[in-house]
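Before any questions on how it binds or moves, here is one chain, the form predicted alone, in structure tokens.
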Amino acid sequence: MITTKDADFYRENGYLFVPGIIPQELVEALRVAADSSIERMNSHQLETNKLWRGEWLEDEDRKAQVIDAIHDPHFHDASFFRLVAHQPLIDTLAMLIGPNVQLHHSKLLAKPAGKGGGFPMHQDYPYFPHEKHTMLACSVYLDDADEENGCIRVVPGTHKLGPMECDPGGFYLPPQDYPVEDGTPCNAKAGDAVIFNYLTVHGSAPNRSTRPRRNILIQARDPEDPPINEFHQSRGQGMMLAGYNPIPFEARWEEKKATAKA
């Protein structure tokens, strides 16, 4: 459980490092589930390589890099659902968002050893903009992560700048203005978490090591923070992780159907 001092640090800097929040028994189960889920997807010819598009990367480099990604892994294996429902994690999110915490989506990201791709510096805001900016990402590391295997890097305080102009084709910031190597590296051990607001500028370098770098992203929000658009939809979106939803699910569902008909 984090402290009020930790919550104040998050609000001031836009990110927070939380050590040892996931027990190793669960971490081990998540590693097995991550690898088997990716293998199963690929065996069914379902594309998992989600390396970012755009001109931030030369074509030759793009061919040599891979980022395996699966959206909503909590529908793939019970271990992922155990993570989403892990009480210390939920209590932490409630300290940062408020008593009512709603799941937006989850995602598995895996950077294979030696060829794992990087992410240009960006904000998550363009993908799922909200009115009150309560949206955050909780990245749970399944492997020890450092600068060699492409740990997350953040630019503290950038959440205070609000939405920033980005490349419309890839939703990333100009690499010449925001080089990845200038970000603060969030070195971590397996079972640690890095939490950041969706306005906080972040990215990561490629994995050049002989070790994998796997992590699970949990994106959550206050249910009373309405989305500006419905650009990003996911299965299970709207599930309450803590507290209750003052807006009944049926009401939001009827609103979406009415908008679709208009």
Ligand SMILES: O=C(O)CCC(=O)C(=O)O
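All figures in this text were calculated on a predicted structure; none of them were measured in a lab. Don't overthink the numbering: it's just position in the shown sequence, from 1.
Just so it is clear, the following notes concern the form predicted in complex with the named molecule, a form of the same protein that is not shown.
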In the predicted complex, the residue from L217, A29, L51, L199 that sits within 4.5 Å of the named molecule by heavy atoms
L217
Of the options H76, H86, K107, H133, which one has a non-hydrogen atom that comes within 4.5 Å of the named molecule in the predicted complex?
K107
Could you confirm whether R221 comes within 4.5 Å of the named molecule in the predicted complex, counting heavy atoms only?
no
Should I152 be counted as a contact of the named molecule in the predicted complex, where contact means heavy atoms within 4.5 Å?
yes
Looking at the partner-bound form in the predicted complex, is D124 within 4.5 Å of the named molecule by any heavy atom?
yes
Could you confirm whether F81 comes within 4.5 Å of the named molecule in the predicted complex, counting heavy atoms only?
no
Segment that reaches the named molecule in the predicted complex - one of 53 to 61, 207 to 215, 38 to 46, 226 to 234, heavy atoms within 4.5 Å
207 to 215
